[in-house]
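Single chain ahead, written as structure tokens, the form predicted on its own.
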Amino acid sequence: MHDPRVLLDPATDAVRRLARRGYHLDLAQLEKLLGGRNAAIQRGDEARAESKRIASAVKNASPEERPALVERARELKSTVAAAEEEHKTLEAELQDFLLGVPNLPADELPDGSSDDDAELVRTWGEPAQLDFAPLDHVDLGEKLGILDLPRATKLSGPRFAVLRGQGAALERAIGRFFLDLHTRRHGYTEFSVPTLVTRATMTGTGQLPKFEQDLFRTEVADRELFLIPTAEVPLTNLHARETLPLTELPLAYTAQTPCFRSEAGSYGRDTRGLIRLHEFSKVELVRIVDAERSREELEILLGHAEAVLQELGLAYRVVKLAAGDIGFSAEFTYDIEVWLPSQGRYREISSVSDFGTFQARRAGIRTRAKDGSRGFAATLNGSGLPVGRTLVAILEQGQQADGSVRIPEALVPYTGFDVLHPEQ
């Protein structure tokens, strides 16, 4: 969320910057709401000050003067009440307005609003040159006997998955490997967090109010809770409404959780198989940092996500997203895209984003320097990685001509096997 005064400051250039992501900022409406709220506050303060003077005057007033003063005191009481009510109404309208304004994209992001507008940063690994027609992960999984989509549909409807046998073991191994890498090598603290959270928690990281239609919501005994779309939500909000000493930053947190997304509006090829499910497992990385170091910290976070793919030997590339293609809360985003032989192209496996102070303002995550000065933290997050999409890449990049799949060496200690063989 933004400080409205910053948005109104011409130096911020908010209208131009937000237009790069396709958002029109109504400065006139913002100024009207802010000005009206401030005027209501001032009227209330002035009426309270006069009311105090009248109260003192009443004590020393003559019998002839007292009735007029008492009447004036009643008028001022009504004025204060009206000003407070107007302030409350305009404050709510201002907050609703600000909650709908996305973050300002960084100027160094390229223009555009689609994958085609992303800027290539680097590639790692060479996509394998297969001398046979590659299968996609669904066909591979079914031939290997590890993926059962029809029974998942029977249980829950479309866009759910059932993994069996070595497939379930591989899924479990991937998550354990991710967590061990990030906690032992990269210094993250692992958490086990709730997957049901409050509306305030969802609002803190920017999922609400804008993306309510993309969330799974439950209400039991008049208690409203939302299923998390990513562990970013509970991990970031662990410090909601807290003040953190700058000397304790950065904080680096990770968790593996199920994630739930309605994926409203998605269609086509990605709805087949494991790439775009309603429920999936993901290891998330969150960093809470000094706002002055957020971009440097983003590069660190990106390196941690890349290290996973490098350890697994999976070819990938890093791109800088266009200003019109970044998420609502982000000001800068890198996508990591892994090579999928069946599609002959790179596909997103992780987004790594710098939110600046945007989420911290919404969630109330403040900082305190040694000299006592206060500010807001910067928050960053990235997938490190989604288990299902990583499994997709392992199956496709590791497939052999005989239908078997080689497992990355780094996972063998976790799986106990190094090759998946087709069912006979």
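Note that residue numbering begins at 1 and tracks the sequence as displayed. Just so it is clear, the structure is predicted and the values come from calculations on it, not from any experiment.
Keep in mind the form predicted in complex with the RNA is missing from the figure; the text below concerns it.
Visitor: Although the partner isn't part of this model, could you tell me whether Ala68 comes within 4.5 Å of the RNA in the predicted bound form, counting any heavy atom of the residue?
Guide: No.
Visitor: Residue-level question: is Lys32 within 4.5 Å of the RNA in the predicted bound form, judged on heavy atoms?
Guide: No, no contact at 4.5 Å.
Visitor: In the predicted bound form, does Asp26 come within 4.5 Å of the RNA, counting heavy atoms only?
Guide: No, Asp26 stays farther than 4.5 Å from the RNA in the predicted bound form.
Visitor: Under a 4.5 Å heavy atom criterion, is Arg5 part of the interface with the RNA in the predicted bound form?
Guide: Judged by the heavy-atom cut-off of 4.5 Å, Arg5 is in contact with the RNA in the predicted bound form.
Visitor: Quick one: of Arg293, Lys154, Lys77, Lys210, which gets a non-hydrogen atom within 4.5 angstroms of the RNA in the predicted bound form?
Guide: If I apply the 4.5 Å criterion carefully, the residue I get is Lys77.
Visitor: Within 4.5 Å, heavy atoms only, one stretch in 394-402, 53-61, 380-388, 352-360 touches the RNA in the predicted bound form. Which?
Guide: Selected stretch: 53-61.
Visitor: Within 4.5 Å of the RNA in the predicted bound form - does that hold for a heavy atom of every one of Gln42, Ala49 and Arg366?
Guide: So, yes: the whole triplet contacts the RNA.
Visitor: Where, within 372-398, is there a heavy atom within 4.5 Å of the RNA in the predicted bound form? Residue list please.
Guide: Stretch hits: a single one, Arg374.
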